[in-house]
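Take a look at this single chain, the form predicted alone, given in structure tokens.
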């Protein structure tokens, strides 16, 4: 009984910590977008925020435990972020024409590029971690 109550308390605290971390990550992204918009940079703010977050984590200025659980939760629910895009596609039958084929090719190529880039970054990260 005590273990059940203790586990439930730990899980609720963990959920709160994860929520705070997700909010902190969203706030970090929003601040980076505001920063790039203010300076009129042609680079997306989310990319600047990602690079800044990587820099802070790499230099150990920001402990990884402060964002680790929130980032894991976002990755676990990543597919949910694509649902609105798929619903918009279903509501636009003109996208199933030649324009849709062109868009599909671009999406396929860009997805491959993102997957290759992610794989390279993960591989470099593991190699740096083991050195």
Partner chain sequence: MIEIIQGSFWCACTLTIYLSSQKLHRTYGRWWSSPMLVTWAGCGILILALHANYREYLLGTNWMIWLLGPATVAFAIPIYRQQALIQKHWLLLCIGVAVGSLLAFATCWGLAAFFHFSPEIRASLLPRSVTTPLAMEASSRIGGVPELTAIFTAITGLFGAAIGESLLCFLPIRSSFARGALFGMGAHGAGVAKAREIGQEEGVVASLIMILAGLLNVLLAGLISSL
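Residue numbers count along the first chain shown, from 1. Each form is matched to the other, and the largest set of C-alpha atoms that superpose within 1.5 Å is called the rigid core. Owing to the predicted nature of the structure, the values given are computational and were not obtained by experimental measurement.
From this point on, the text means the form predicted in complex with its partner chain, which you will not see here.
- Among heavy atoms of residue 35, none comes within 4.5 Å of its partner chain in the predicted complex.
- Residue contact with its partner chain in the predicted complex: residue 93 places no heavy atom within 4.5 Å of it.
- Using a 4.5 Å cutoff between non-hydrogen atoms, residue 76 counts as a contact of its partner chain in the predicted complex.
- Interface membership of residue 110, defined by any non-hydrogen atom within 4.5 Å of its partner chain in the predicted complex, is confirmed.
- For the stretch 80 to 104, the set of residues having any non-hydrogen atom within 4.5 angstroms of its partner chain in the predicted complex comprises 80, 81, 82, 83, 84, 85, 86, 87, 88, 89, 90, 91, 92, 95, 99, 102, 103, 104, in sequence order.
- Shown in the overlay between this form and the one not shown, fitted on the rigid core, is a CA shift at residue 99 of 2 Å or greater.
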